[in-house]
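Next up: just one chain, as structure tokens, the form predicted on its own.
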């Protein structure tokens, strides 16, 4: 599935979102403006604001609110990436140097803080208290999830923990985006609930595929060594499937006792997972999430935006990077 397929109805509106993002640094320090420009140019396919624009346009929401929401969502996402890259010590993202590869840790933290603040200001500019509360709750979920991952997830093989982590890390923002876009439209409560569910299912699938690509993707395109999550002690869905099929594997058993710190053992485990059917099983689970997402569109009248949302859902499990 080509990304162009789902982006085409909102191509021009995404430009408005990016312009709104740039405006947030207009009166900031020159280095901060440069950092913002670097981050915007390094941005991906703008899937989250595209999701909000497609849902909102489909439901006849005001364009100005959708652009503001899209900029707020993408800035929130960008700020989390800035802090994540610093925490992880990542020097590349999507093949481009991260901010912390160029700046000191204090400057990187402050830049992330500034972006969080501007994202919150944009959310407030929608003049919708429900949306502002939703935005704040989502940020809390993301931060709490990151702390939980740091302190209580290393080496843990647990499905429930995994699903909670990927909801906090990724699906919560997808859910908030589609929910908020529907909230600012004239849609009824049933449709708003469906759009929230669509975002949730889409976001869960998106992170599962990301975790699969950590084992199967092209290292240059992914922008980090393959199997890096496992080398950092984070057990994702392919590892869980492998563990369930190989409960006596020595490397799997070692995870509970800090075995993930042994580079050679984890390299062997990554190779064994890659050679197994664990990634295929994980992909089937991601596809099930996408099937449920598409089912959420069942009662929505046919339109270019509805078709684009379905194509977006299919793209999530078709993408290679």
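Every value quoted in this text rests on a predicted model; they were computed, and no experiment measured them. Residue numbers count along the first chain shown, from 1.
Unshown form predicted together with another copy of the chain; subsequent notes refer to it.
Novice: Just to confirm, with a 4.5 Å cut-off on non-hydrogen atoms, which of 157, 124, 213, 101 contacts another copy of the chain in the model of the complex?
Specialist: Filtering the options by heavy-atom distance leaves 124.
Novice: So which of 90, 234, 191, 107 reaches within 4.5 angstroms of another copy of the chain in the model of the complex, heavy atom to heavy atom?
Specialist: Selected option: 107.
Novice: Does another copy of the chain come within 4.5 Å of a heavy atom in each of 169, 250 and 287 in the model of the complex?
Specialist: No: no residue has a heavy atom within 4.5 Å of the partner.
Novice: Heavy atoms within 4.5 Å of another copy of the chain in the model of the complex: does residue 64 have any?
Specialist: No, no contact at 4.5 Å.
Novice: Using heavy atoms and a 4.5 Å limit, would one call residue 229 a contact residue for another copy of the chain in the model of the complex?
Specialist: Residue 229 lies outside the contact set for another copy of the chain.
Novice: Should residue 243 be counted as a contact of another copy of the chain in the model of the complex, where contact means heavy atoms within 4.5 Å?
Specialist: Flag for residue 243 set to no.
Novice: Counting only non-hydrogen atoms and a 4.5 angstroms cut-off, does residue 165 reach another copy of the chain in the model of the complex?
Specialist: Close contact is absent here: in the model of the complex, residue 165 is far from another copy of the chain, nothing within 4.5 Å, heavy atoms only.
Novice: Tell me which stretch of 262 to 270, 277 to 285, 291 to 299, 24 to 32 has a heavy atom within 4.5 angstroms of another copy of the chain in the model of the complex.
Specialist: Looking at the other structure, the answer is 24 to 32.
Novice: What residues, if any, in 119 to 156 have a non-hydrogen atom within 4.5 angstroms of another copy of the chain in the model of the complex?
Specialist: Stretch hits, in order: 120, 121, 124, 125, 127, 128, 129, 132, 133, 136, 137, 139, 140, 143, 144, 146, 147, 148, 150, 151.
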